[in-house]
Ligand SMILES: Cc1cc2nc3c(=O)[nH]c(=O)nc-3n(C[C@H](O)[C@H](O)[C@H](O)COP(=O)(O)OP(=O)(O)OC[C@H]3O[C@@H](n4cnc5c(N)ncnc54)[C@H](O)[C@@H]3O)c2cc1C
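First, one chain by itself: the form predicted on its own, in structure tokens.
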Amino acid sequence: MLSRDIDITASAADALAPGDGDAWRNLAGLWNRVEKPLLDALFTPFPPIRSGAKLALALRAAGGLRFARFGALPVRRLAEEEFRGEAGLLFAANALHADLSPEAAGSGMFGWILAMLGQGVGYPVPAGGAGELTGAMARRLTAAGGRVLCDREVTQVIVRAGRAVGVRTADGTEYHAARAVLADVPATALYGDLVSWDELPSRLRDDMRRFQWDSATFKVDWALSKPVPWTSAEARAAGTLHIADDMDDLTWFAADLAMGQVPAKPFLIMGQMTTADASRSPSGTESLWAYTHIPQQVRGDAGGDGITGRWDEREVEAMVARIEARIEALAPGFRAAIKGRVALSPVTLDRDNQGLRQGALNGGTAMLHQQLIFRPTPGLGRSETPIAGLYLASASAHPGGGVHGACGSNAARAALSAQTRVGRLLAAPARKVARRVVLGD
């Protein structure tokens, strides 16, 4: 169990294997030294000059090269080096929020960061529902004189003389952009679709052919007549839960995905929303969700139910039954508490949100070959595009998916910076150099 009280987490680690509590404290101590500069370096536009210098200063005692090695470790190896028991599963399960396997380079750092953020600030949720986050941003925009226009499908970014000057919607209406166009869409929807290949460097087309999506998603929401009857008292009090047997179970799950197989034993990420926020459902009940990853292209079913990836009614019911069986084994009586459910297959998620390719939550793989300066294509790890005044603001941009909003924030900051006198002077030559160095034009 991960708690915001480090003593509780360390005690839980010690209960699994004496001495692992101290190992947890050591890793938390490292986090305390590097948290601010590390997050600034990862979640701000590249190159992270200031934050990188601060990180190097913070690591003088710890050793920069040793920290670099630590950052490259697969989460399985990180767990083996640091713990004698199973405490490393806290890192591993967090790493598998993305499409990383326990053996993937960098998965240890991914899991460590998420676990340490969970310990420091928890996994907070908006009171009243996730829609309150969107509502708060819309209210702030409106208060500043902006407008939110819905049900207007943008079909083209208007480019004139190499600059984005606005957008055109499906009904032919044009909206002029006084400063910039920020595209919160997947890279594959922007390049070659909203912007014609005729307006883009030739090499970008091949880069987009190589773009890799992260795993698809299958999600279930439940309305329960009572809290989940977990056999574990700690699980009953947690807002977020991970369901897996052990590290090997996570490896088998990741292997199924890599081979295009629907996993026989899906790893579940779960949210007990009424436990986290009492306003989510009536007193004494629970609003629960769980999701698992599915291959983007299903080639078989490791679970023996013949799931093909059509996701018709039979296949959806088979997947729901597989997920509920994992929960029932750890919470006998769970199925009897179900008052209603909604299952969202990859096809449903894709249909309902064009930003989700088969429910890909990360806007592209989180694996090392498509992170940092490789996101979404080999480049500078920034939101600028080859078109002046056009910025990629979605999870396809650095640093990738997540509700921290860094992708949109980076795009907004870049667009505002370009409006300054210095920005205007430097933008054109910088873009020319970038095109030659990165795109080969």
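Counting begins at 1, following the sequence as shown. Remember, predicted model here, so these are calculated numbers, not experimental data.
The discussion below concerns the form predicted in complex with the ligand, not included here.
Contact check for Ala98: no non-hydrogen atom falls within 4.5 Å of the ligand in the model of the complex.
Within this chain, Tyr291 lines the site of the ligand in the model of the complex, having a heavy atom no more than 4.5 Å away. Interface residue remark: Thr142 is not counted as part of the site for the ligand in the model of the complex, having no heavy atom within 4.5 Å. Mapping the unseen interface onto this chain, Lys265 falls outside it, with no heavy atom inside 4.5 Å of the ligand in the model of the complex. Only one listed stretch (346 to 354, 195 to 203, 70 to 78, 310 to 318) carries heavy atoms within 4.5 Å of the ligand in the model of the complex, and that stretch is 346 to 354. With the partner omitted from this view, the residue of Thr365, Gln272, Asn94, Thr217 that lies near the ligand in the model of the complex is Thr217 [heavy atom within 4.5 Å]. For the candidate set Ala235, Val185, Val165, Ala104, a heavy atom within 4.5 Å of the ligand in the model of the complex is found for exactly one residue, namely Val185. Contact residues in stretch 364 to 391 (any heavy atom within 4.5 Å of the ligand, taken in the model of the complex) are absent; none meets the cut-off.
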